[in-house]
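Shown next as structure tokens: one chain only, the form predicted on its own.
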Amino acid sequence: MSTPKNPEKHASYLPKEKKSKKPFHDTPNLDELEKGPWPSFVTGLKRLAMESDMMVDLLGQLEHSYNTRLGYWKGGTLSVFGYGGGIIPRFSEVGDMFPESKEFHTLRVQPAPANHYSTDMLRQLSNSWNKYGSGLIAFHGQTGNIMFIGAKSDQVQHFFDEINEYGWDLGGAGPCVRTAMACVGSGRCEMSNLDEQRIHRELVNNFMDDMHRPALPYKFKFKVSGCANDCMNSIQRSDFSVIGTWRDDMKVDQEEWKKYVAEKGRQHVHDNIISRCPTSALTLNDDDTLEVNNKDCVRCMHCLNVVPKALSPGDDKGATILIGGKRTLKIGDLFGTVVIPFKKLDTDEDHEELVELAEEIIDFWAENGLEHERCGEMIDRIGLANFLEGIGVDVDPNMVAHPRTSNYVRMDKWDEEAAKWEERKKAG
């Protein structure tokens, strides 16, 4: 690891005057984590401890955990009026030793779509949290929420009331619809094929009751990425993944492409772009122009990422909808399964249909899912065909995850199914 130029000493991060009343605990194990060349989270906690007795005892409990190699946080039940979730209760089992941090609850607060904040918003939130909490904030948690970490039970309602007054709301926690995430997309990225922020907001607004009042088999996550770069990791981390794509030809600016070839050289272009196309859909012609076999292109985004001035998505844009992505639970990690290969999202009606599809899926899963079973695990248990029938979606060849491994294939009724598929293709 290289060391930073002109590194600041860790002590310079600490306030000059200690306002907290409790003396610091001895923390030799935590101090070791500050000795590297890079800033440490321990320094951040110590900075907060200069002004908060709660953080003084938190550091003491953390040091105690390092010594005993045991965790001492337990859950419980805690919420605000009218809500069933959004707060993660944390009670200390060693509260007698560290009384100021015996309650250290976390509040999940929904961020703006694509995490667009103004400095005024951030100052408002920080001021409220310094008033009612520990001052420790995480931007952002794995679900996408702003994590306000460290509040006592009698301060939780006050903090929520204050931030709710100026427009913020709690996110999801427990067996419910969780806070959605969207990439910055059309706000700043030339690869965007969607209005990611609109999709994010429409889905969240529609399922707000399911987010605040947990009543599902387990958690359900929405994530929206504007292209197949999938900056939200939605295919891996969400039950309902919306990924932008296009179905006409990739746009090629041959003049910009030639400039790139002239600058980098043909060998470089061949080694780093042409030969890395997973379906060999790219050809570098003798005159340094690019030929694209769009029929074979799988929209992996590699060539567009390398030469964004020359290559860009087509004009016929829409979204692929995938269902069931998740981390390990009852079964291993799952990527999302394609349920809608391509959906236009140009009109209000298109967006309404997307929300209606999400409603159908959540209703079917809520009725048929087992306790503590994610939507993808239910699909694995009952089969994709039964799931598609249950949500009213026709089978499509693009839904095949991998070819058959059995050499026995039934051929009856294939002609009828092929005719139906061709009719759907013509209908768009």
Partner chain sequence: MAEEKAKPRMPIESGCPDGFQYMHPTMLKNYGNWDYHEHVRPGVLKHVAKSGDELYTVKVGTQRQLGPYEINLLCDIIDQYADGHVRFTLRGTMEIPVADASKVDALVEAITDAGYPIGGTANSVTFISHTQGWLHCDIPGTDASGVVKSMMDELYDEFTHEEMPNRVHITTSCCQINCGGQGDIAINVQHTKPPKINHDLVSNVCERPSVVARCPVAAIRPAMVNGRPSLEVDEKKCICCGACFPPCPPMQINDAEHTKIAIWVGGKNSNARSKPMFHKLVAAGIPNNAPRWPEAAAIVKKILACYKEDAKDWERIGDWIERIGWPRFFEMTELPFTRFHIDNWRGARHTLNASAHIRF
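Positions refer to the first chain, counted from 1. These numbers were taken from a predicted model, which means no experiment stands behind them. The term rigid core refers to the most C-alpha atoms you can superpose between the two forms while keeping them within 1.5 Å.
Note that the form predicted together with the partner chain isn't included here; everything after this is about it.
Visitor: Answer with one of 344, 270, 201, 259: the residue that has a non-hydrogen atom within 4.5 Å of the partner chain in the predicted complex.
Guide: Only one listed residue qualifies here, and that residue is 201.
Visitor: Note which of 32, 26, 363, 394 lies within 4.5 Å of the partner chain in the predicted complex, where distance is taken over heavy atoms; exactly one does.
Guide: Going through each option in turn, the one that passes is 32.
Visitor: Please run the contact check for residue 40 against the partner chain in the predicted complex: heavy atoms, 4.5 angstroms, yes or no?
Guide: Because a heavy atom of residue 40 falls inside 4.5 Å of the partner chain in the predicted complex, the answer is yes.
Visitor: Using the partner position in the predicted complex, report whether residue 79 sits within 4.5 Å of the partner chain, counting heavy atoms only.
Guide: The answer is no: residue 79 has no heavy atom within 4.5 Å of the partner chain.
Visitor: Taking the partner chain as it sits in the predicted complex, is residue 155 in contact with it (heavy atom to heavy atom, 4.5 Å or less)?
Guide: Close contact is absent here: in the predicted complex, residue 155 is far from the partner chain, nothing within 4.5 Å, heavy atoms only.
Visitor: Please check if residue 367 has a heavy atom lying within 4.5 Å of any heavy atom of the partner chain in the predicted complex.
Guide: Close contact is absent here: in the predicted complex, residue 367 is far from the partner chain, nothing within 4.5 Å, heavy atoms only.
Visitor: Going through 326-344 from first to last, which residues have a non-hydrogen atom within 4.5 Å of the partner chain in the predicted complex?
Guide: Contacting residues: 327, 328, 329, 330, 331, 332, 333, 334, 335.
Visitor: State yes or no: after fitting on the rigid core, is the Cα displacement of residue 35 between the shown form and the other one at least 2 Å?
Guide: Moves: yes, 2 Å or greater.
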